[in-house]
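Shown here is one chain on its own, the form predicted on its own, set out as structure tokens.
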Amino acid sequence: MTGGRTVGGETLPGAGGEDADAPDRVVCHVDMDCFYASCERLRHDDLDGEPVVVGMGYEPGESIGAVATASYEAREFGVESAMPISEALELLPRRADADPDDPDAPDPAETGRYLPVDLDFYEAVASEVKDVLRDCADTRREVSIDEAYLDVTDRTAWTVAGSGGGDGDDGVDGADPADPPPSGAAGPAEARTLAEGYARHVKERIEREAGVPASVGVAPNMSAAKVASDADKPDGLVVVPPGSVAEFLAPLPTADVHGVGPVTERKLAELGVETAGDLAAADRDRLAEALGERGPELSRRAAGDDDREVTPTGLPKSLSRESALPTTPDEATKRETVSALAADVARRARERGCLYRTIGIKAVEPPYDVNTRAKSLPGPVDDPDLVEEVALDLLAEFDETPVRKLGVRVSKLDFAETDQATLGGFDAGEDAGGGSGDTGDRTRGAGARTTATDGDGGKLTDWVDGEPTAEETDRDATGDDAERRTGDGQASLGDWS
């Protein structure tokens, strides 16, 4: 775990503004490091430290497809995301083709491991990550399978942590010898903040509970937080307090400014704008002439001015809650847990005024075997007793199975003012639709395609399915970033479901 970086600690807390009494927002950008490769390392111990290439449209032994993720070890050979597999193989041959006894074969030390995309498994691991994020932040914007924004203003603050203040969870107790010392992305930090401690807490929970590393950027706005998360990869934590954003961004190339892609970068260079500092100081009328309304907006971001709020979009498609357990096969413990989760989910659905058409459970066997089961109903209902009844019936399959986590979910939500379906004759133990109701499959190793659930013990919240694969502002109006690569160099394959 690397130490957190804090920039410009002497400005804390806050930097005034139009409303000096209003607290500065604390925004975290969580970006998983080489996420698909990290997921593969969860189930393949022999991949640790190895160059790993995960390909979309790739089959073992073939040379077609494109690179979805290249581990940092593979990048040292020049392999990049979205690169054709055939090109990647020229830079980094397959380990399977290496033969130390054949002088014409590749040197094993200069080969890598190539694996096809297993999105079902990655989504199952992403579900574990999202459990943590939901438990740690009530306000989130989940951008893709490997990144999300959190507004944690109501959980922490930019207050400077005292040498004896804070608690272990926030990681701000300066007297703890295990607490890593601060370092600076732009010079030594003079103070550490509660916000840094909370971000470290989120980061460490992700690694502990989901088993994969993440880099986290913390700043008073979204664009700065995103730049910060890229500033110290992999496994980084960079903190940019209020009043320090412009200073932090100023020396960076314009390509690092959130929303600047290759086409815009070239247009800015033609204007003599090479760094974020240049962009912040540029004449905004001139930028508008060259780039349209995006020009002044990018200049404001480079100056540290970004007033966008972290907001999800659309209505949720499901509500769920799950709880971690000490690994147990005990039937009574499991049934009691599922009953409590079912009651909580049904209560939340009623509070939101929504009906549901599907009831499901999730059972996670150690270490990461994710199982889901679901039952379709003949129509939308609001029936807490039925949620518990169906969930317990589905749980029966796992009566003798040790589990470490259980969850209950209602989905296919209906927020319209429709008549509730009549459930006369509905047998919760059988498929009401004649064979299409059981939507889950029991899988091992590869995981099951699941919808993520709310975090352990945290406030029950909703999440959004169908989030765009990238922020609208990540794309230039010219189609600059239509083929998206994340800051971590991972080609996005779809939504973080």
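In this text, all values refer to a predicted model and were calculated from it rather than measured experimentally. Rigid core (definition): largest C-alpha set, two forms, superposition within 1.5 Å. All residue numbers are counted from 1 along the displayed sequence.
FYI, the form predicted together with the DNA isn't displayed, but the following is about it.
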| query | finding |
| --- | --- |
| In the predicted complex, segment of 96 to 104, 216 to 224, 319 to 327, 201 to 209 with a heavy atom within 4.5 Å of the DNA | 319 to 327 |
| Heavy atom of Glu270 within 4.5 Å of the DNA in the predicted complex | no |
| 4.5 angstroms heavy atom contact with the DNA in the predicted complex for Pro262 | yes |
| Any non-hydrogen atom of Val125 within 4.5 angstroms of the DNA in the predicted complex | no |
| 4.5 Å heavy atom contact, Val257 to the DNA in the predicted complex | yes |
| The unique member of Leu115, Leu91, Ala374, Val160 whose heavy atoms fall within 4.5 Å of the DNA in the predicted complex | Ala374 |
| The single option of Arg284, Arg308, Arg404, Arg350 touching the DNA in the predicted complex, heavy atom within 4.5 Å | Arg404 |
| Residues in 39 to 78 close to the DNA in the predicted complex, defined by a heavy atom within 4.5 Å, in order | Met56, Ala66 |
| Per-residue C-alpha change between this form and the one not shown, Val408, threshold 2 Å, rigid core fit | yes |
| Threshold 2 Å Cα movement between this form and the one not shown at Arg347, rigid core reference | yes |
| Flag for Ala374, CA shift 2 Å or larger between this form and the one not shown after aligning core | yes |
| Cα-Cα shift for Asp31 and Val364, closer or farther in the predicted complex, minimum 3 Å | farther |
| Closer or farther in the predicted complex, the Cα atoms of Ser127 and Arg352, when the shift from this form is 3 Å or more | closer |
